[in-house]
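Before any questions on how it binds or moves, here is one chain, the form predicted on its own, in structure tokens.
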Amino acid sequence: MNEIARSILSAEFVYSVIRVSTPLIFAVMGALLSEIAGVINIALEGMMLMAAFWGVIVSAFTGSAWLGMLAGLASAVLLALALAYFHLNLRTNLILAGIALNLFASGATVFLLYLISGDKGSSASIKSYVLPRVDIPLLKDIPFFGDALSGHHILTYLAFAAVVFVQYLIYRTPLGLRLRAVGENPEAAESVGISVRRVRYIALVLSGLMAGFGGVFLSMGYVSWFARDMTSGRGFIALAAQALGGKTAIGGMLGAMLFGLAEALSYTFQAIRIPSEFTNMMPFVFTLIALAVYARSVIARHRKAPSSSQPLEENTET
């Protein structure tokens, strides 16, 4: 028990929580941007997977991690545009289109990986590149905080910057006002000249861009290779974290870090020889528990809220 406590209270554990939360924070920001506009991005998983794949492949062939990152982001945005076209132009069911794109990404990455490397499992045979780590001056020399907060990959710091950006975008810009208007009442937004289709296109593209950053981090920051289905449900976990965090970027970030904490705990328990079958399922069990608590709180709020169809009781006090 003391060994578990020492592990959890260490700077290395805090560093691990931040590290494993990074792709989730990006994905949650993507989920929030689409949710605000009234379109649930179920394809986050596929967008992250595509970005992770093309980031590794392009960096391997060009010798540049930055070009790999740009290629990964472009692939995620293209998948977001495909989702937007299917749903907004062809009137395809959004959930079915998202699931189809997730399946497409899973199969296409394995097929292309086999064509390029001859391996269906990972890109270990290909020399790829990773994004740099950043040591923060002064902070890196502070005991505990330097070990916990400095030395992360550049995308980790960009993830927290993205939280500030998304919060500002949604609640302090004209585009954010349009996103919220379209999400809350598309008919009213259309009546004042706002193009609902255009705004939702923008929301899905921005959502895909955020998912792309999360996918690129997985294969070029978290590890240095691409593995089959390496997103491991993070896109769906991000949807749950966004639901917990509500409609604010800061709440979404905290939700993502809660799930990151669960994943970091699973790694800590593995290190002290707790069976991996138990530790590997911890993030997903936590997801189910969190969603159950969230659903119960929503039901409770609806029960307490007065119905608009019932007349208010008159005050009979004199």
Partner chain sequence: MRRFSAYEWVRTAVTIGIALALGYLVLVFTVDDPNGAFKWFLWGPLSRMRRIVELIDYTIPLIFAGLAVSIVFQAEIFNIGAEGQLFMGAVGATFAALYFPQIPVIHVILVAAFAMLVGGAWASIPAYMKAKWNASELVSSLMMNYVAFFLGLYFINYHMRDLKAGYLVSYKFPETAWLPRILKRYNLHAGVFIAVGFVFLVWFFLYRTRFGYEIRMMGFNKNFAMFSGIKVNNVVLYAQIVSGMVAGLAGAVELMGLYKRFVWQVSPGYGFDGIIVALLARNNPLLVLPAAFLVGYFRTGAYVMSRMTGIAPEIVTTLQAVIILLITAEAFLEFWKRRKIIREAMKAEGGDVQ
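Positions refer to the first chain, counted from 1. Because the structure is a prediction, the values reported are computed rather than measured.
There is another form of this protein, the form predicted together with its partner chain, and it is not shown here; the text below is about that form.
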Quiz item: Taking Phe104, Gly107 and Phe111 as a possible spot, do all three reach its partner chain in the predicted complex with a heavy atom inside 4.5 Å?
Solution: yes
Self-check item: Single option in Ala100, Ile194, Ala148, Leu158 placed near its partner chain in the predicted complex, where near means a heavy atom within 4.5 Å
Solution: Ala100
Quiz item: Here the chain is shown alone; which of Thr173, Asn185, Ser125, Asn93 has a heavy atom within 4.5 Å of its partner chain in the predicted complex?
Solution: Asn93
Quiz item: Out of the stretches listed (66 to 74, 23 to 31, 246 to 254, 37 to 45), which one is close to its partner chain in the predicted complex, meaning heavy atoms within 4.5 Å?
Solution: 37 to 45
Quiz item: Does at least one non-hydrogen atom of Leu9 fall within 4.5 angstroms of its partner chain in the predicted complex?
Solution: no
Practice problem: Determine whether any heavy atom of Arg228 comes within 4.5 Å of a heavy atom of its partner chain in the predicted complex, and answer yes or no. | Solution: yes
Exercise. Report yes if any heavy atom of Lys140 sits within 4.5 Å of a heavy atom of its partner chain in the predicted complex; otherwise report no.
Key: no
Quiz item: Is Lys120 close enough to its partner chain in the predicted complex to count, meaning some heavy atom within 4.5 Å?
Solution: yes
Quiz prompt | Heavy atom contacts to its partner chain in the predicted complex at 4.5 Å, residues of 128 to 165 in sequence order | solution = none
